[in-house]
Structure formats: C-alpha cells, structure tokens
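One chain follows as structure tokens, the form predicted alone.
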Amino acid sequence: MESVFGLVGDGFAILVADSSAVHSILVHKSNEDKVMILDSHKLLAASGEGGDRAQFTEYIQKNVALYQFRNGIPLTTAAAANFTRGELATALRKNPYFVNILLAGYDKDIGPSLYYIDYIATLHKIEKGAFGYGSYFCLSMMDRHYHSGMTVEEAVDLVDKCIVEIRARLVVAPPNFVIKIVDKDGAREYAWRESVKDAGLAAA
C-alpha cells in the first residue's frame, strides 16, 4: 500500500513518501526512508519492489555524484531526470526494475522542478504527482486544493490533508510518512508524520 507524492510551490518542491517496508502480509519496518537526497539540490522519491528500489536509487545517486566528481559541475535536475529515464529504458529491455520515481530539484537559473518517471521509462515534467495506492486520494486532493505559487505552509497543509485522507480511506494504510523539501538552500528533511513508532525487538 505504498504512497509517494510531491508538488512544486513558490521557490521549492516537496516530496512525501510512506515509510513502510512491506512484504506480502508482513510489515518489516515502519521507518524506511524512501526519499533519497541525490545531491545538494535534488531529491528522489521511489516506490516499487524493495530490492529494485534500493538498488536502482543508489545506482542513480552514485552516478550523479560521479558525474559531478569527473566534470566539476553538478547535473541539472532535467539532466538527472533524463539520465534516470535512460537507465530505466535500457534496463527495461534487459532486466527491468519495477520502480516508479518522482525526482525534484532546484536549479539556480530555473527554480524548482518535478519530474515523473515510471517503471516503463515514461518521463514528464509536472507540477504535482503521485504513485501507489495513495495516489487515488492524493491526486484528487491536489486537483481540488493545489494552485501554482503555493507557500511552504500551504503545501505542507495540503500534504497533511493527503496523509489524513490516505489513513482514513485505505484498508491497510501506511502509518508513517517522511516529508522532504528542496529549495535554494538545498535538499533536506522537513518533517515526519508518525502514528506508529518502531519499538525494536523485545528483549528475550
């Protein structure tokens, strides 16, 4: 029951993901961070099979860092999105990854941007988007309440509305969500929305 969504506001982009690691009927953990900081001004949120998600997102992160190390300049958000899309397209014809991605970034001369990349290597630049079962509710909430030029406070309020709707409407709803933001000051964690905390293994 994964839920990943994001939107672009006035001078920033925000990404949100549930933090449940689930296999079949088992919840393995509820603090899995599915929003990766690609570099100083890029975020990548992914949903899909756990192994594919971890392997592919780490592969993209390391290659983005390698490009900057070799050339002395970072990839733009558009370039990183196109590179990610190209790698998914190549893998699609060999050993496909079942991974859906929202990639957000901030470029000095362009501002914030958000890209939608699905598991069959479709790439679109968007202002709001979602993946997973939570998208059934997030997309309708964002259609109703989203507008261009939103402030951080308005965007976080909309994010909270989406989380409340997911928790209320999904049969097996993820309890915890991580919120990250990217703007001119960089990519960073903004907040967690938790209703369940991992207690760890009980002592024998």
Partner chain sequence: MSIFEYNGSALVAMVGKNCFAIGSDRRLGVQLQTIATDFQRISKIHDRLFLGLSGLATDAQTLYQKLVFRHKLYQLREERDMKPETFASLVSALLYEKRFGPFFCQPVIAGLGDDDKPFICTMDSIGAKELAKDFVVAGTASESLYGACESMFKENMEPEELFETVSQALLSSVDRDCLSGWGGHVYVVTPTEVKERILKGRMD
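In this text the structure is predicted, and so the values were computed from the model without any measurement. Numbering follows the first chain given and starts at 1.
The same protein also exists as the form predicted together with its partner chain; that form is not shown, yet it is the one meant from here on.
Query raised in the report: Pick from M150, A173, V178, L139: which has a non-hydrogen atom within 4.5 Å of its partner chain in the predicted bound form?
Result: It is L139.
Query raised in the report: Looking in the predicted bound form, any heavy atom of S135 within 4.5 Å of its partner chain?
Result: Heavy-atom contact with its partner chain at 4.5 Å: present for S135.
Query raised in the report: Using 4.5 Å between non-hydrogen atoms, is I110 touching its partner chain in the predicted bound form?
Result: Result no; I110 lies far from its partner chain in the predicted bound form.
Query raised in the report: Is I120 a contact residue for its partner chain in the predicted bound form, using a 4.5 Å heavy atom cut-off?
Result: Yes, I120 lies within 4.5 Å of its partner chain in the predicted bound form.
Query raised in the report: Does any heavy atom of R93 come within 4.5 Å of a heavy atom of its partner chain in the predicted bound form?
Result: Heavy-atom contact with its partner chain at 4.5 Å: present for R93.
Query raised in the report: Taking N82, R85 and Y116 together, does each of them reach its partner chain in the predicted bound form with some heavy atom inside 4.5 Å?
Result: Heavy-atom distance to its partner chain in the predicted bound form: all three under 4.5 Å.
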